[in-house]
Every structure is written in structure tokens, then in C-alpha cells.
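Single chain ahead, by itself, as C-alpha cells, in the form predicted on its own.
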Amino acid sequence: MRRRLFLSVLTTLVLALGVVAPVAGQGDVKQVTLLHYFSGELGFDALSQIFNNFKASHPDYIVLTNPVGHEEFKTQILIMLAGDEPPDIFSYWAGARVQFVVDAGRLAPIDDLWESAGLDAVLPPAIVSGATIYNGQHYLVPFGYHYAGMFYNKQVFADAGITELPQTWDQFLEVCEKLKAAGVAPIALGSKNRWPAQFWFDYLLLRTAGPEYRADLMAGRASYTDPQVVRVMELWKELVDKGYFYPDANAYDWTDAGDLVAVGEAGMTLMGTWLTGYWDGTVGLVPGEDYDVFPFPVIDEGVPDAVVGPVDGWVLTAKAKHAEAAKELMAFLLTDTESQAIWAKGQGALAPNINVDTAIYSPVMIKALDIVKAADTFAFNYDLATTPPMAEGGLDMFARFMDDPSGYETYLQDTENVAKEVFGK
């Protein structure tokens, strides 16, 4: 059924977009073809440095890289996987997206690499079990991971008279009121590309219904019309109705939201740690002085503490023409601590390799790492926690909600209809 669903999604994309998969070049057996979605300046520069280091220590290898924009990648990789010339390896988000292509038979397991490179010894157990294993086999080599938290402008908070960071929902609402009274939009979102809004849905659901219920919803075992989900949308609607979000969230993207916080037009944004890479490397903010981070507040006592974020990794295609050379590169990208450090610093990521010296991190990233370590659960964000067709339905719902929160009951029913079709409920 998964393979039929994969082909159905692919056919729809091809008919809609008329995309033709590019043909990978032929070459030496030690050539590696690679596709990735790190096309932004910070990620691209860091990867270029890492690949140069790999080629310096492996002079008989040729790495042919192809960067694709984040949103375009989601379509292009599915089309390439269905063709005869997919890349040898590609970057992908751990979770339901990897599961989707594993079940479609488009990826090759890498258990032999896992054992020969001793990867269990360099990864936290939670990442091994949660991000790398699918259907009982290893398929993904982690490269970096992120934590989504509340990043805020320290001076704006101080000017608004906020002396303590909120730990509970009531305290969070008080902070929002103080910021609003100071003439500052409490929250910038930037949901032009839909996905930034998912973190609000994720945390509101995790802080109320808890991780187990959320896992059931992501797998189609619960309904979007359940009281638990309705409550999430009502809590979210309250924030919008009170004017806590900077207006027209769907008109600007996550970097614009970061800029609004950086210049003091908004107080905070719920975003992944890649924001630190943008603020440090492009905007020029000083972590710990200009900005900081705090965890999403507790709503219901007794609910297990969960943090949200993605794990980026590398996967090997089932039709890889240079599989052994590709595995050598995959191992290097995780086990080489210098490369892991370059990526963490350049991308604003946390390194999955436990041997990377934490001295590379800024005070804000150290705090993010401590928050992750203290949590009971690490949960993939929405569009990585549920199957891609379902993720599209949910992301559409979040965008509609930010345009007009009053219609949330209709949006939930529409999303449940998508779930019934996707999961065969």
C-alpha cells in the first residue's frame, strides 16, 4: 500500500509540475552523486568546506553535489527516486519522510556501514532508536539536529519590564500582555511557507494531550476532530485574537520573523536553532547578549516534557550506482568531528556525534542542548512525524488558520477527511 501511495503521490507531482528527473553523470567507481536541500548561504558554505575536507583526505573520490531549495527539494527528490538515475545519497529529514520512502522500496539499508564504522558508539541512544532505524534496519546517518524553542530579544524583554522568563502558560500570557502594552508585537511567526506554524500546533498538543496521544494522531489512530485537538486550536486562537502575533503571519517567512525580533518590532519567535545560525552569521547578533532562548511553557501539569525538532541526515538510494563510495562519505560526515563542528557552527545545529567538543557552542546553543537533554521525549516536528500526504493536509490547515482562526472547526474537519483518505480510516 505504501508503494502504491508513493507512486500515486509521484504521478500527481509529475502531472502537476511536468518535472523531469535530471540524469546523474557516469564516472569512476569512487564518484559519489549527492543531492541536498542546504542551498542557503550558511548551509551551502559549511557543506562546501566539509566536502573539501573529505576530498583532501580522500583524493581518489569525486563528490558531485546538487543543492536544491528547501521547498522544491520535497518534490524533486520523489521524482528522482522513481527514475533510473537517482543520486547515490541525499539529505533527508528523519521520521515519517524516511519511513515513507523506505516503505516504497526506494532506499537501501546501511546495517553493514553501521557496524563497520561503529556508529552506535558516537550517537546518543535516543537518536539511534528514534531517527536511524526503520522496519528494524538502519537507513539514516544523522548529520545534525535542531531544537525548536522560544528565541527572544533580551533588550525588548527588559524594556517591557519582564524580569523572569515564563515557565507556565499563565506566565506566558502575562509576558505577552507586557510586550503588547510596551507597543511591541509579542510574537513573530513568518508562516509564508506554512511549516513554521507547525511548531505552535506541536507544542500546544504535546503540552496538553501529551506525546502518546500526539503519536496516535500522527499515525492516524486519533482524529483531528477529537476534543484534544479542538482544545489546541482554541488555545492558539486565543493568542491570535488577543493580537499577540505580528500581523499577516502568512505574508512573511521565518527569516523575516527573525528580523522583526532582531530589530525589536517583535519580542520572540518560536523557531528552530537554525535561527541562531542566521542571527549570528547574517544579522550579526551576539548570542547571550542580544538574544536568548527559553522552552515552550508548561500548560498542564503532569504531562511529560517533550521537545520538538528535526534530525537531518543522509540516506542511500536503492538504485545507487556508487554505493560503497557513498557509504564511505556517509561515515565521514558523521564520524569526522571537525566536519560535525563545522556544520554545527555554520548551520546553528546541534551535533549528533557525542565526541564533538561542546566548547564550539554559543551560550544559547548550550542552553538549547541542556533543554533537550532534560526533556522526557524528543519529538519530530509535525511534517516529519506524519506521512508526507498527511503533512500536506496539516500544513494547509495551519496556513488557513493563520489567515482566519474563526474557521478552525471547519479546518479540523477538512483535515480529518484528509486523514481518512491517507490512513484508510
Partner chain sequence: MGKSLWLWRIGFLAVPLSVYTVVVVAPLLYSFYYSLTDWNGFSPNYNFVGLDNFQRIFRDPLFSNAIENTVIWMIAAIIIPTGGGLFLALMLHEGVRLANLYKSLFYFPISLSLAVIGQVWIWIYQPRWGLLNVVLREVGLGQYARAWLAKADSALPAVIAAWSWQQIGLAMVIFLAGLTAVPTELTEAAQIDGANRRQSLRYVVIPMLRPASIVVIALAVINSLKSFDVVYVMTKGGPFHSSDTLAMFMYNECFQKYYMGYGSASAVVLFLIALVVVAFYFVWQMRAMETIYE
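Please read these numbers as outputs of a predicted model, since none were measured by experiment. Positions refer to the first chain, counted from 1.
Unshown form predicted together with the partner chain; subsequent notes refer to it.
Remark: none of the three candidate residues (I127, G309 and E416) comes within 4.5 Å of the partner chain in the predicted bound form, counting heavy atoms only. Heavy atoms within 4.5 Å of the partner chain in the predicted bound form map, among the stretches 113-121, 214-222, 278-286, 79-87, onto 79-87 alone. In the predicted bound form, the partner chain lies farther than 4.5 Å from every heavy atom of F143. Although the partner is absent from this view, F294 stays clear of the partner chain in the predicted bound form, with no non-hydrogen atom inside 4.5 angstroms. Although the partner is absent from this view, Y92 contacts the partner chain in the predicted bound form, with a non-hydrogen atom inside 4.5 angstroms.
In the predicted bound form, the partner chain stays beyond 4.5 Å of every heavy atom belonging to F332. None of Q228, T255, Q137, N250 but one reaches within 4.5 angstroms of the partner chain in the predicted bound form through a heavy atom, and that residue is N250. For the options Y152, Y246, Y147, F201, the one in contact with the partner chain in the predicted bound form, meaning a heavy atom within 4.5 Å, is Y246. Heavy atoms closer than or equal to 4.5 Å to the partner chain in the predicted bound form belong, across 58-73, to the residues E71, E72, ordered by sequence position.
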